[in-house]
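Taking the form predicted on its own, here's one chain by itself in structure tokens.
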């Protein structure tokens, strides 16, 4: 059995979960309190971070590396374009969300409002929350611009870029931090990917102390 060490609201863990579900790969989800730094977990990933995937006798950490591995070892359905320039654009956008979006938005909103409470690291920093609320507007507008020119974020087909973007936005939507009225094209895109069977387990997540908003699992939101 494949095993994924994860936390439910982590967008990086959700990225792996979505890709595995899209490729119809069964996985056992093991919730890992990574901040407790268990010695057994640190042996799997000395960085002490989730996600960590144990698969085929092989252990791999880092969501970007994991999803590239899954794409190479389980190429159906394909989640990367065939042409090299288009693959480069998909990878650029994967890193946009893994790096820039995460640092400017997710870390300032989700990590301040949820992770600090769960890990016992104090109260949210209001300056960081304000910064995240400001930056998400820019990112939604950029996504809107992309989707006004393309069917999916990186081009004419759904790729890993769409799944990592959806993973981040789903985590933020859980805590009501996405203004879906700002960019109709982004809302339409999210509705398409949210309605895929791969999204079902994500929409079923329940995090203690943080109830789902009424619209969260609604496909017609």
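Residue numbers count along the first chain shown, from 1. Since this is a predicted model, take the numbers as computed values, not measurements.
Heads up, the form predicted in complex with a further copy of the same chain isn't pictured, but that's what we're talking about next.
Of the listed positions (29, 178, 64, 193), a single one reaches within 4.5 angstroms of a further copy of the same chain by any non-hydrogen atom in the model of the complex, namely 64. For residue 157, no non-hydrogen atom is located within 4.5 Å of a further copy of the same chain in the model of the complex, even though that partner is not displayed. A residue is said to contact a partner when one of its heavy atoms sits within 4.5 Å of a partner heavy atom; residue 96 meets this definition for a further copy of the same chain in the model of the complex. The closest heavy atom approach of residue 151 to a further copy of the same chain in the model of the complex falls outside 4.5 Å. In the model of the complex, a further copy of the same chain lies farther than 4.5 Å from every heavy atom of residue 76. Looking at a further copy of the same chain in the model of the complex, residues 162, 203 and 211 place no heavy atom within 4.5 Å of it. In sequence order, 87, 88, 91, 92, 95, 96, 99, 100 are the residues of 87-101 having a heavy atom within 4.5 Å of a further copy of the same chain in the model of the complex; the partner itself is omitted from this view.
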